[in-house]
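First, one chain by itself in structure tokens, the form predicted alone.
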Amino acid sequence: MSYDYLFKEIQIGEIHLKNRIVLSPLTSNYCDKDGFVTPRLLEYYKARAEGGVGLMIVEGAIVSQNGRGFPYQLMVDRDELIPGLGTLADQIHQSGSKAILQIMHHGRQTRAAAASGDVVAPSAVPCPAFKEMPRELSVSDIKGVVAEFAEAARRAKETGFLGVELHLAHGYLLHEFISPFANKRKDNYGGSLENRLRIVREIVETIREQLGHTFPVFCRISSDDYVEKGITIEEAIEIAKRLEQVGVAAIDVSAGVVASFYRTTPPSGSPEGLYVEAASRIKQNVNIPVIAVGRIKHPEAANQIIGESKADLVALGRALIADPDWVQKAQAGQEEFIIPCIGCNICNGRSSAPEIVCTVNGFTGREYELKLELAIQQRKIAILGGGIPGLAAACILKQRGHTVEVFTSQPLGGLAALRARVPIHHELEEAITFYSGELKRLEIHVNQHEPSKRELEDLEFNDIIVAYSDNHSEESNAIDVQSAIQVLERPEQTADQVLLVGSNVLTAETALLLGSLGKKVKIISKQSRFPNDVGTSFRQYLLEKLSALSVEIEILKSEDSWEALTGNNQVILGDSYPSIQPAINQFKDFSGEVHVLGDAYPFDDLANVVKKATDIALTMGGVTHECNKSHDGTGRKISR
């Protein structure tokens, strides 16, 4: 399919872009603890620049020490960072893309430990999510903030970036000034929109005065805060008009604040392009380019946005995390080879490791250290299980020259196929479809049964990767008690009134599936935080979905027993995941190598298992420095 609108050139000031595709600025946390550019960060951006992106808005660089929110963020607050930033800008430009640098300050959306002990904001009002009381900035402090942003822009220009983007969205410091949700000031920096925009106007004017009017300043805004007394689309339109008046070169239209949780990064189940209409309304009221964002992941949708003049450019974030070659594949008409983002939001960061990782691409963030090379010794390898981790390993192994076969008695996808039945996780079907296509393209045979150890040895398989869990639940002796996995396998056989006992995401998503089928569902949780194994944003999303289906949630007191609460309900036990141990026991005496992956239900665990699958597949049989394919099944270019 042709995407003529998407690949039409555009000029923004003195920046000439080869297409309308923008890399959205998502914090990677790939820097060192002092905010310096690292080889890891360089290779991450290089892969996406080589992949064909027209404009890269490099992730939010922090303008001051008390503006930090994470330990490994990119910094632009001092001149000693200039050499590394220069290398980053040069590498992006040499790789065929154009780069501007987003500059930002976290404001009250941080913690004192991250912000050098000094959380600041327009007003002494804590963020509902972080809850730490910020220090209200004085007028003198505000003048200092203006200077910090101007100095950051100077460093960006000196390092070779072609412009800057001010982060005025998502509840960070400059947005806190703009939004009455956070700004309660009574002076010239609060109250009216003119006053709330004053700091932004001063920053833009200072940058243009010091760096010249030809150095473009973009602004990312929130079209709706999705909180009481926050910015709405009507006020966002007026904000955009005023930004144009002070010389802003382009408007990047997003939505939400941290307090509105998942709105800033809409998860799986959200409509594609859900903020495009807001961008369209803003575009109708300004004469500068407008960038649309918000779960844009398919080339056809992106092309339509531009073709219908709803925006001038489209920004992709997670879609390019999942597949750095998204642009090249779209332009070549190879949409079926695009690794699909599934909206799991693991890339947003985890409390234990706040950095970009990807559930469907084990190479993401490790481009600097991982290479797909032919094996020194080509082996015959059996993949036991049809889950996503096993399929990822199979594709990598085949491209490294191994003979690979998959064995599974279940439909491809494993636990992901079961999870795809939950209404908000239909995008998992896209991942399963992608891997099914890769198996056909790479001519990997799928055997529709589970083999014995003897069969594999008779067929002369050298090695095994055990990539399934024991999710074949035995029928319970009690007809009214089942596991959550059993219910996901056969939801239509569930009673009309059920009691789900559990505290994890499996419990919540089983309840969501049953509720969507019209069942009356009650959840009994032993933990006060339900579900207890997902991040705050996704947890809030699940709770809203459950509430919309009238699913009741009761927190069990420590001295109570759920058995006393069953009544006439069918009971479903959710606090357990399938075990890998039976498979391990079955093949422990196999004559060749046995690598154990398992399958995984929670996205966090699935990302870790896919990463492990990638590592195992890249080392089996040793490595050379040649490969005869152009791309692997995970979007990485192959070493030659």
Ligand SMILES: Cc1cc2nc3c(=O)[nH]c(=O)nc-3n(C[C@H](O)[C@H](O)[C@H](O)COP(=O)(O)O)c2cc1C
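We number the residues from 1 along the sequence you see. Note that the structure is a prediction, hence the values are computed from the model and not measured.
Keep in mind the form predicted together with the named molecule is missing from the figure; the text below concerns it.
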> Is the named molecule in the predicted bound form near all of I383, G390 and G414, within 4.5 Å of a heavy atom of each?
Replying inline: no
> Just one of 611-619, 594-602, 24-32, 574-582 has heavy atoms within 4.5 Å of the named molecule in the predicted bound form; which?
Replying inline: 24-32
> Considering the named molecule in the predicted bound form, which of P216, P266, G256, G230 comes within 4.5 Å of it through any heavy atom?
Replying inline: P266
> Heavy atom within 4.5 Å of the named molecule in the predicted bound form: which of C127, A330, I356, I306?
Replying inline: I356
> V293: heavy atom within 4.5 Å of the named molecule in the predicted bound form?
Replying inline: yes
>> Taking any heavy atom pair closer than or equal to 4.5 Å as contact, tell me whether G51 reaches the named molecule in the predicted bound form.
In response: no
> Taking 4.5 angstroms as the cut-off for heavy atoms, does H167 touch the named molecule in the predicted bound form?
Replying inline: yes
>> Can you tell me if A315 lies within 4.5 angstroms of the named molecule in the predicted bound form, counting non-hydrogen atoms only?
In response: yes
> Taking heavy atoms and a 4.5 Å limit, what residues of 213-238 are near the named molecule in the predicted bound form?
Replying inline: R220
